[in-house]
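Take a look at this one chain, the form predicted on its own, written out in structure tokens.
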Amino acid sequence: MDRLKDKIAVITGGTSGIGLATARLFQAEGAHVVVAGRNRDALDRAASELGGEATAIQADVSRIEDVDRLMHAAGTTHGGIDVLFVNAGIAPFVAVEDVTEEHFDEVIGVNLKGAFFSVQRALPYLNEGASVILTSSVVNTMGLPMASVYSASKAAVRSLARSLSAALADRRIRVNVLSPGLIETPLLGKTGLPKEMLEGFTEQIVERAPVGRVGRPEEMASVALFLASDASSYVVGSEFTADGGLTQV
């Protein structure tokens, strides 16, 4: 089980949920993992769980200076980056009429600006043949009335993978997208929806998905591992939807 043996993997949003599950799996597959998150307490907990072999760096991806510092530290300390998992994101749900400029800027700042500049600022340190994985969401093809800005940001991330793949092809850097469905992570509790509405939304999704349940972070980590490893060497600019069949069946 050494599919990422001696690889350097940077994971933004790596302190909980999909990011942390992926960090665990990448580490088990032989990678040295650098996890980043903006919450110090969560970062400390993740670092403690992953142990001394992992590196934990506090960074807010909506702040370019933080992204610069993260990529410089990861790239120079370890001699380059082999896998970049751009996973940091937020998902506040707000009705269209209640969207403020501050809400818009925050969501776009983390989900789109953060994704773009995470890749751009990593470019000097990405090794030839590196794998870049962007986390989008199945909402990039759905119309959810409470998630207009979030959905738009994730659709933009999916588009970004195509243009970045074309731009980085001469360095054999592959950019692909992981689009999860409803996953049992702390992010699910940060939508801002009232408890009753969130429960109703979850029940609706479970009823519509052929698998009849929400997904687990570890299931997303398995897809990320495939995209990070040489097993996906012929996969470029693609989107891997992991939603229990919700949008596919």
Ligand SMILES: NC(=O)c1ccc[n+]([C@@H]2O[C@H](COP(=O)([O-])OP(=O)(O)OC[C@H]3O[C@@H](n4cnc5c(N)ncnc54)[C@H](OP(=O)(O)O)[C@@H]3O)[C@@H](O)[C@H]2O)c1
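Being a predicted model, the structure only gives us computed values, none of them experimental. For every residue, the number given is its place in the sequence shown, counted from 1.
The form predicted together with the ligand exists for this protein as well; it is not shown, and the discussion that follows is about that form.
A heavy atom within 4.5 Å of the ligand in the predicted bound form is found for one listed residue only; from Ala88, Ala130, Ala161, Val107, this is Ala88. When the ligand is considered in the predicted bound form, only one residue from Ala54, Leu182, Val223, Leu193 comes within 4.5 Å through any heavy atom, namely Leu182. A residue is said to contact a partner when one of its heavy atoms sits within 4.5 Å of a partner heavy atom; Asn176 fails this definition for the ligand in the predicted bound form, lying far away. Interface membership of His32, defined by any non-hydrogen atom within 4.5 Å of the ligand in the predicted bound form, is ruled out. Using a 4.5 angstroms threshold between heavy atoms, Ala228 stays clear of the ligand in the predicted bound form. The ligand in the predicted bound form is not approached by Ser48, whose heavy atoms all lie more than 4.5 angstroms from it. Partner proximity in the predicted bound form, defined as non-hydrogen atoms within 4.5 angstroms of the ligand, places exactly one of 120-128, 94-102, 164-172, 80-88 at the interface: 80-88. Taking the ligand as it sits in the predicted bound form, the stretch 52-66 comes within 4.5 angstroms of it through a non-hydrogen atom at Ala59, Asp60, Val61, Ser62.
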